[in-house]
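Given next, in structure tokens, is a single chain: the form predicted alone.
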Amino acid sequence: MSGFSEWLTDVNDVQASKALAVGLPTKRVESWKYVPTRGLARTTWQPAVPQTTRQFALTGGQFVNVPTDNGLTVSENTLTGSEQERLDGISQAHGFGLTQAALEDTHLILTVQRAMSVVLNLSHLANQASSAGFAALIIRAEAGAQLTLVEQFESTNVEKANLSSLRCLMTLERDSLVTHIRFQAANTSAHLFSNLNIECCENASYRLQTVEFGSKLARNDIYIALSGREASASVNGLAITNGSQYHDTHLTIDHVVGDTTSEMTFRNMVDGKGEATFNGRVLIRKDSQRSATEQSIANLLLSKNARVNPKPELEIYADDVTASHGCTVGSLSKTELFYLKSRGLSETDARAFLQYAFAEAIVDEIEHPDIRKLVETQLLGELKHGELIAELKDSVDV
């Protein structure tokens, strides 16, 4: 039995019956090997109630105040065959996928019109204690369109476990560009699930910049298919995990055809009894010649009880390929600590400064200036003597 059993029993749906039969994923499911599912199983989840807001937001499994700006239209609630197939693939992956599909409240389909430029800000509002919301967002970027999607998560305190789950499908047609920025600083009781499925057609480009600070449990599943020539993808991510938090990212970039490029850079910084998992997979298929990929994964452990589970994967079947990868796990450099202490910093300040420098390499890549400032403020607030670091960071070169 899972924490969703009572809710699923009330849903007259084939997916609900399957979800009840399969149950939540266990450690036997490789991709969920490290996920602590006790909180999911022990909470009796109820449907969340949408909040009142003036923002474009996801609240209680519902999208509210959907914008209809120039270049952005709300399409009819009908999925294409390809979109339905992709959603079905997510659903069938495991028991939580089935649960997600069965309890999903709504599908919102947005189209960025041909050659138009749109900025879309989506706020994720915290659900009530012991409540959950499920939704799907479908985005179609027509040929030559440009979209900047900014997601922010409300940090309002909730005393007990609360859950929000979003499946997001994007289709980038020829010559389109999507910049996707996620800033997650949710409440410490939140259970957040995000599933991104991206398809890039010819000469389309998808850029994801994601930063994770908050939540009790955060799980991100990301699949990017480079299905057209000259398509490209770039993923830059940072997860800062403390206390008993758990952050989990599973990322796959699939070079379906040749002449495609990808880059992934991800950093985990784990303190206290926190735990982080990052599985970064790049697949270059047999006929995907002249593809190029770069992969860099770094993990910083700040306490004896901190734990990280990195799993970089390069799966290459083509001959004409340019590929590089690197993965590190370690603590703060004693050489760099000595250098900073020789410049007059205390042990505590030097350690905090190096933590800042480790994270700042990702923060600097955030293209949205307001979000970059928010992330930097949050980062400094997480570190000891953050005010001092703010004063010193422009004068000390690490």
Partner chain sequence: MSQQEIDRLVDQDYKYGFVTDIESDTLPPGLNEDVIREISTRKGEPVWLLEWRLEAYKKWLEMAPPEWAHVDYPPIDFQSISYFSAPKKQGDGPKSLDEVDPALIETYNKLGIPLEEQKMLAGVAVDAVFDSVSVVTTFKEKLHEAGVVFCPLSEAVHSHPELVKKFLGSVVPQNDNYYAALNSAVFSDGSFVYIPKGVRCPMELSTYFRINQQNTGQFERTLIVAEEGSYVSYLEGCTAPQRDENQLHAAVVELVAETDAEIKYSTVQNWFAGDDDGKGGIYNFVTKRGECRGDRAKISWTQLETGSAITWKYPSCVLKGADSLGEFYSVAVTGKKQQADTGTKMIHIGPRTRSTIISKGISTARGQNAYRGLVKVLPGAVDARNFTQCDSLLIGDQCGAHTFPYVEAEEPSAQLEHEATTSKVSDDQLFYLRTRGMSEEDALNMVVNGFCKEVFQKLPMEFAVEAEALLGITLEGAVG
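This one's a predicted model, so the numbers in the text were calculated from it and none came from an experiment. Residue numbers count along the first chain shown, from 1.
Same protein, other form: the form predicted in complex with its partner chain, not shown, and the subject of what follows.
Contact with its partner chain, judged by heavy atoms within 4.5 Å in the predicted bound form, is confined among 282-290, 79-87, 193-201, 235-243 to 282-290.
In summary, among the residues Gln92, Thr328, Ser117, Thr73, the only one with a non-hydrogen atom within 4.5 Å of its partner chain in the predicted bound form is Thr328. Here the marked residues Trp32, Leu40 and Val66 all miss its partner chain in the predicted bound form; none has a heavy atom within 4.5 angstroms. Put simply, Ala129 is far from its partner chain in the predicted bound form: not one heavy atom of it is within 4.5 Å. Its partner chain in the predicted bound form is not approached by Gly258, whose heavy atoms all lie more than 4.5 angstroms from it.
In the predicted bound form, Arg307 approaches its partner chain with a heavy atom inside 4.5 Å. Mapping the unseen interface onto this chain, Ala161 falls outside it, with no heavy atom inside 4.5 Å of its partner chain in the predicted bound form.
The partner is not shown here, and in the predicted bound form the stretch 120-139 never reaches within 4.5 angstroms of its partner chain through any heavy atom.
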